[in-house]
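Encoded as structure tokens, the following chain is the form predicted alone, with no partner shown.
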């Protein structure tokens, strides 16, 4: 299939585009820089230079590719307006195509807020903090666009580890600096997933042409303190962890601290049952040593 991936040089986007290209699909990836173009080209992905403000480019790509996967994120002040306009452009041209089209939007589990002891499913009402509340509007925009020749899907990955580390890179960086690894609370749990397992779920959705809402997590239940200690030991330390209060975390991370303090259990049973998806990775703690080697190589 001909597939267009936005954010193709990013943490999730590159993993998804790589998985699809190596599975034999014809993949083109939106990148913002020549460096990004070189990076995706080494993964047998054809680079397309542009950004989310290039609405004509996005519309044309969505109309001429069988699948569009939206992984790009713009962290500027106009983030949500830009994302809405970009999706409007892609949806309009994809929906007008004469052949079936699939559009996948990348969201995240933070929209559930703190879940408590019961694992949240796709049927549960979200409770997002202000930082990600607008994401629900975008999800609704995507899902409401389904009809005719257009199928739409929303994927909610957990905290994505592997490769350069994303959020988990901070644990390795603190350990490498010789100090304890700071976490907010420490008894809380993050819903997590390896980037390769995220990519395999996207491939399943694409090859089965499935729409709807999907959680994407590996089912691990380790606390953030256990993860941080594993990162510290993986770099030769004793497993030292510094537990921060939410106020201390907010002083360091601003609004992001509320999300880092979440205690989340999330279920991906729907994907296991309906897609036959099975995560291949055992969890951050179990794989901390190999993840540390990858982080060092990227750093």
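From a predicted model like this one, the values you see are computed outputs, not experimental measurements. Residue numbers count along the first chain shown, from 1.
Another form exists, predicted in complex with a small molecule; not displayed. Remarks below refer to it.
K.L.:
Evaluate residue 10 for contact with the small molecule in the predicted complex, applying a 4.5 angstroms cut-off between non-hydrogen atoms, and reply yes or no.
P.N.:
Judged by the heavy-atom cut-off of 4.5 Å, residue 10 is in contact with the small molecule in the predicted complex.
K.L.:
Even though the small molecule is not shown here, does residue 162 get within 4.5 Å of it in the predicted complex, heavy atoms only?
P.N.:
No, no contact at 4.5 Å.
K.L.:
Using a 4.5 angstroms cut-off on non-hydrogen atoms, would residue 51 count as touching the small molecule in the predicted complex?
P.N.:
Flag for residue 51 set to yes.
K.L.:
Might residue 79 be said to contact the small molecule in the predicted complex, defining contact as any heavy atom within 4.5 Å?
P.N.:
Residue 79: yes, in contact with the small molecule in the predicted complex.
K.L.:
Only one of these stretches, 94-102, 71-79, 138-146, 118-126, has heavy atoms within 4.5 Å of the small molecule in the predicted complex; which one is it?
P.N.:
Going by heavy atoms within 4.5 Å, the stretch is 71-79.
K.L.:
So the small molecule isn't shown here. In the predicted complex, which residue out of 220, 224, 106, 152 has a non-hydrogen atom within 4.5 Å of it?
P.N.:
Only one option qualifies, and that one is 106.
K.L.:
Identify which of 243, 43, 32, 270 has a heavy atom within 4.5 Å of the small molecule in the predicted complex; exactly one of them does.
P.N.:
Flagged contact: 32.
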